[in-house]
Structure formats: C-alpha cells, structure tokens
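Quick setup: one chain, the form predicted on its own, written in structure tokens, and binding and motion questions come after.
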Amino acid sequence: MPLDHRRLRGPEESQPPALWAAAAAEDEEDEKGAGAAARDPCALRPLFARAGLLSQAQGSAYVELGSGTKVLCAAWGPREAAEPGPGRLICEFRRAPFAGRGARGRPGAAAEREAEREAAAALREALEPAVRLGRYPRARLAVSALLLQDGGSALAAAVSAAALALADAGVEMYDLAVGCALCRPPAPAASWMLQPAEPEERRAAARLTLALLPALNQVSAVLGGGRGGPPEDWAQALRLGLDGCHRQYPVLRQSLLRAAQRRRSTPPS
C-alpha cells in the first residue's frame, strides 16, 4: 500500500483535550476566588517596558503587564505620501492567534476584523495629540501593535507601547502617551479598579480606558461605556485613571532613556 506523504505523523502517545480544559477552568476559578479577594482597586500591576528591540523597524517597544498582557509595537518614520496635505498617522492593531485564553473565533472572521479596526481607530485617537504631525507635511507615520497575550487592559498597554515605539523611531512628539484601563465590577457598591485582568474585564459592568500626556497634563483620549453609576462615579474613575498614568510615566521614560544609551554605546556597523 503506498504511503500518503501529505499526512503528518502524529505523536505516539496522546491525551484527551478535556484534561487540559479542566486545568484551565481550575486556574480561572482560582483567579476569581483568592486572587480577586486580595485585589487592591488602586494598586497598579507590575509594568515592564523595553524600547528598541526590533532591528527591522525604525522604532519598537515591548510592554508587559503583571496580569499577563504582552504587546509588541513597531513604528516607521516619515514616508512620502501620495496626496498633499498635513502629516498622517496610520495605526494598525492585530491580535496574535494565541493571544486569548480558551476558545476563540476563526482567525480573520468578520467580528475579529471589526474589533481590530476599532482598536486601531482608538489607538490613533490616543496617539495623534502626542505627535507633532505639523512637522511632517505630506508624510505618513506608521505604527503597528501586535497583541501577543491578552491578560486584560490590552488597549491601554498598546497605547503606551505605541508611544514608546514612535519616540524610539525619532518621531517628534509633544510627550509620551500613557494608557491606563479601569473597570467597575457588577456589585452595587463596587469601586473602580485600575488595570483589570481579563476575567475582571469580562465580568465588569463598566469599562474605561484613557490616555494621558503627563508632562502637559493633557488627556488625549477617553473611551468607555457600561453602567458606571452617576456622573460623580465616572469623575472618580477619571481621577483614579489619571493618577495611574502619572505613576506609570517614569517607567516608560526610563525605558526610552535606556534604549538611547544602548544605541549610543553600540558601535556603528
């Protein structure tokens, strides 16, 4: 009998998928239980940022949150545009096929493409006030964000990473845009919490993501929705988010400074 070389040989031993599904469910229950009880609503999750990772791009940045969110961004400097007019900022947001936990829709499905387009539009809205587009007439600036792992607060992390990548590319900016996400649990007397994890976002009654230019103390974007209570509660959420942006700002500045120092110490090839 002839062999079918188009087929790949499978492993000699295998295990039922239900075994791994049960383990994932147990991990999620642990997050809902003990982890949620010890969560301080005003506490920021650990933040790691590094600029200048990709040699193929003019600027790049990687941002990771303690909740597990990982975002990689690349930026390209001014390129000549076909149509006349002021400078334009083109933003792209994509999710890696392995970014989410558990089952997900078919890659490239209409719902997923629409969600990526909305995230790219929000990214552009947050970054445009930070970039000096008037210094780049008839030019295009491009930034691409890839969500490697979605542990919650993904859009806020993408805003910070994209701003770092643009600054690393040498693009003239008024300030770094810092993103911060908040959510309000469905409990009646629940308070807003900073940088929610993915299970907290999924169960939230209201969400809020804002971008701030800390040196100018200027808000560049506010995106939110849901049942967040009276206007006073939304104002409290804004104050909490602004404080979170200011607390993240030194970490992002230090990562940009370290990238510039590495570039200076590296001899030209």
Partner chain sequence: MAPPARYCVPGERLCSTEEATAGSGTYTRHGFIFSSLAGCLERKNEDNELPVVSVVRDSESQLLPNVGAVVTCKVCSINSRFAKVHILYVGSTPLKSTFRGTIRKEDIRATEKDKISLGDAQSNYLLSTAENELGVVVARSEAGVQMVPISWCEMQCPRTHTKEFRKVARVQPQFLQT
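Residue numbers count along the first chain shown, from 1. Being a predicted model, the structure only gives us computed values, none of them experimental.
The same protein also exists as the form predicted together with the partner chain; that form is not shown, yet it is the one meant from here on.
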- Query: How about G170: is it within 4.5 Å of the partner chain in the model of the complex, going by heavy atoms?
  - Reply: yes
- Task: Give a yes/no on whether M193 approaches the partner chain to within 4.5 Å in the model of the complex, heavy atoms considered.
- Result: no
- Message: Using a 4.5 angstroms cut-off on non-hydrogen atoms, would P185 count as touching the partner chain in the model of the complex?
- Response: no
- Should R88 be counted as a contact of the partner chain in the model of the complex, where contact means heavy atoms within 4.5 Å? no
- Message: Please determine whether each residue of Q58, D175 and R264 possesses a non-hydrogen atom within 4.5 angstroms of the partner chain in the model of the complex.
- Response: yes
- In sequence order, the residues of 65 to 81 that place a heavy atom within 4.5 Å of the partner chain in the model of the complex are G77, P78, R79, E80
